[in-house]
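In the form predicted on its own, a lone chain appears below as structure tokens.
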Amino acid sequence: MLRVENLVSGYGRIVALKGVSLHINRGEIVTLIGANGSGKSTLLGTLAGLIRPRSGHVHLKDREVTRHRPEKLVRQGVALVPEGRQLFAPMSVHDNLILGAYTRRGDTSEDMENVLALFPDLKDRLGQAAGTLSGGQQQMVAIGRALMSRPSLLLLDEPSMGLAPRISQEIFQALRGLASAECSILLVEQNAHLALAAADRGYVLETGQIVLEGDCETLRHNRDVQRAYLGRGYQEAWEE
């Protein structure tokens, strides 16, 4: 679904990504974990066309899309759920969702039904201003808005940020049901416990470079990952 080769990107004089290479297969959930400032959000922004890369290549379904503009990438199947959700707070839930389908033509009622089936909490709140929802409900709207474009690649930036553990679990459970032959997911998440439980494979990004990769079970057992991202208690539990 996605192949990234030696990607170099950043802001101004700051080089945040230093030759990143990774891939995502069809139907996979792949997670990218790393500390603040490691380049995770820069990677998502570059893949979504919001940041112009300095060098390297991005292929989506074997098509070169390295320097395509955001609106073209949306039409080609890329959808970003940004950090902080970035909803239109005064607008209704329904109108926020329907904006996700702005590149689509024809009837989108089936897509709306699918989003509401995935997030039943939104069914009775379609007319409510998005800014009055709880944090978890707003995250559901943000994900639902992205799904309205029928993406083949869904990019998620810190979906659990600021949410109660129970709500985070519900959202991640929904994400597991989204991955299919038609939709792959790249998940950026600081909560490594959640990310490694939800994903099939993972990459560890440090100071703009991939330093580890593998299936999530292997990464959970890696002592460096346990020490840096899962905490001492997690490491001791494995050692016992």
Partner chain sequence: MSDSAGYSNLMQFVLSGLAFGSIYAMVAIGFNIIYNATGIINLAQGEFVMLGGMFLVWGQDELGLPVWAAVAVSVLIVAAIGVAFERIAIRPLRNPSVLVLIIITIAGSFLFRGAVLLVWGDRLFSCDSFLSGDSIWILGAIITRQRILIFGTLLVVGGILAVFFGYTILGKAMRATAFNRTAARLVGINTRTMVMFAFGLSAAIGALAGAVVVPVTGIAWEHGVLLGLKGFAAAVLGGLGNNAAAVVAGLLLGVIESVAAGTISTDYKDAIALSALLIVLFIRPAGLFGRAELTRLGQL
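Predicted model, so just to flag it, every value in this text is computed and none were measured. Residue numbers count along the first chain shown, from 1.
Keep in mind that the form predicted together with the partner chain is not shown, yet the notes after this line are about it.
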* Look up in the predicted bound form whether residue 48 has a non-hydrogen atom within 4.5 angstroms of the partner chain, and give yes or no. => yes
* To do: May I ask you to state whether residue 165 is within 4.5 Å of the partner chain in the predicted bound form, using heavy atom distances?
  => no
* Asked: Is residue 117 close enough to touch the partner chain in the predicted bound form, meaning at least one heavy atom pair within 4.5 Å?
  -> no
* Asked: If you check in the predicted bound form, is residue 103 within 4.5 Å of the partner chain, heavy atoms only?
  -> yes
* Are all three residues 70, 82 and 86 in contact with the partner chain in the predicted bound form, where contact means a non-hydrogen atom within 4.5 Å? -> yes
* Asked: Pick from 91-99, 166-174, 117-125, 130-138: which stretch has a heavy atom within 4.5 Å of the partner chain in the predicted bound form?
  -> 91-99
* Asked: Going by the partner chain in the predicted bound form, which residues of 10-43 come within 4.5 Å of it through any heavy atom?
  -> none
